[in-house]
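Here we start with a single chain on its own, the form predicted alone, put down as C-alpha cells.
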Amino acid sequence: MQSYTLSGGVQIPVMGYGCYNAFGAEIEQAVEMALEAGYRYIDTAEFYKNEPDIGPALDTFAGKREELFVLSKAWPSSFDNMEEACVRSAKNLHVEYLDAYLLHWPGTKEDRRLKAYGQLLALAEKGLVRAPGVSNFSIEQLERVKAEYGAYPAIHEIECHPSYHPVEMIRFCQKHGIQVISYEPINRTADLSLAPVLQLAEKYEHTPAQIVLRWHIQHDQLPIPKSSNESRIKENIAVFDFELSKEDMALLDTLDTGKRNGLDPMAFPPGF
C-alpha cells in the first residue's frame, strides 16, 4: 500500500477502510476481512458506537502495531474532556495510542471548538495521538485553528465524491499541507450508476467502484470506502493496477452537482 506523509511526518495509507453504520459481529468480521485484503488504515469514531467491536478485529492482525493506522473521532459532546474520550476510544480499540484523532464536527460554539483542538494538541504531545485533525470544518474554521495555534490540522475528513466535489476546500487543504480524507467516496453507491462512470468501467475493464476510487486517489483525496461484503472489500482496494487519463479524470470532474448528502456543518450538531 502506498502512503502519504502528513504535515507532522506521520505516514498514512492512501486508502482506508471506513467503519460507519456497522456493529457487532458484522463490523468485527468486516475489519478482519479488510486487514486480510491489505487495508492498513481503519477509520472509526466515538459516535459510530462500534469501537469495542473493532478492537477484537485489530487483535487478529499478525503484523506489527506500527504497520496499522487507526483513526477515531471525538464527538462535540466530548470536547470538554478530550483526553478522557481519547483514552476511552484507544481502550475500546485495543491500542495504546491513536494514529490520528479528529474533532468529528466543528459544533456551533467557536470557543469550545478551539479549546478542544488545544486539548487535541496536548494529547499529541503526550504521545496518545500521532496526528491531530478535524472533520467537516469550513475554510474559515481551519483558518481560526491556524490563527490560534500556529499550524493547520494534519487531516481534514470531508464528504467528497464525484457528485459532490468541493474543489475550493480541497485546493485550500492541499495548498496548506492538510491531507483530505473522503468519506462517502462512492456517494452511497449512487455515483456508480452514472453514465460516465459506467463508460469508464467498460473502457478500463474495472468496476464502477474502482473507477471512482481511482479518481479519488489521483486527486490525492484519500478515500475510505466501507462494505461488509468480502468480495467488495477486496474489489475496492484493487485500484493500483491502472491509471485514469487526464481526459477521463476531467470527465468525472464534470459530475459535481454541488449538493452534499450530509448536514450543514455550520449548524450541526445543535447545542454544541
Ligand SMILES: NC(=O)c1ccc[n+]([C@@H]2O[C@H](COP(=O)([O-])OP(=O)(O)OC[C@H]3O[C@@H](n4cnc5c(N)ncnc54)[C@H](OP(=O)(O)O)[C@@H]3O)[C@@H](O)[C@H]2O)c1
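Numbering starts at 1 and follows the sequence shown. Being a predicted model, the structure only gives us computed values, none of them experimental.
This protein has a second form, the form predicted together with the ligand, left out of what is shown; the following refers to that one.
>> Since the partner isn't included here, can you check whether the ligand sits close to all of Y48, Y183 and N236 in the predicted complex (heavy atom within 4.5 Å for each)?
In response: Yes, the whole candidate spot contacts the ligand.
> Among 164-172, 116-124, 135-143, 85-93, which stretch sits within 4.5 Å of the ligand in the predicted complex, heavy atoms only?
Replying inline: It is the stretch 135-143.
>> Please tell me which of A209, V70, A34, I54 lies within 4.5 Å of the ligand in the predicted complex, judged by heavy atoms.
In response: For this set of options, the contacting one is A209.
> Which one, T60, S245, S228, Q218, lies within 4.5 Å of the ligand in the predicted complex by heavy atoms?
Replying inline: Of the listed residues, the single hit is S228.
> Is F79 close to the ligand in the predicted complex, meaning a heavy atom pair under 4.5 Å apart or at it?
Replying inline: Heavy-atom contact with the ligand at 4.5 Å: absent for F79.
>> Under a 4.5 Å heavy atom criterion, is L252 part of the interface with the ligand in the predicted complex?
In response: No, L252 sits far enough from the ligand in the predicted complex that none of its heavy atoms falls within 4.5 Å.
> With the partner left out of view, is Y101 within 4.5 angstroms of the ligand in the predicted complex by any non-hydrogen atom?
Replying inline: It does not: once the ligand is placed as it appears in the predicted complex, Y101 has no heavy atom within 4.5 Å of it.
> Does the ligand get within 4.5 angstroms of any non-hydrogen atom of C19 in the predicted complex?
Replying inline: Close contact exists here: in the predicted complex, C19 approaches the ligand to within 4.5 Å, heavy atoms only.
>> With the partner left out here, which residues of 185-210 have a non-hydrogen atom within 4.5 Å of the ligand in the predicted complex?
In response: Heavy-atom contacts within 4.5 Å come from P185, I186, N187, R188, T189, L192, A209.
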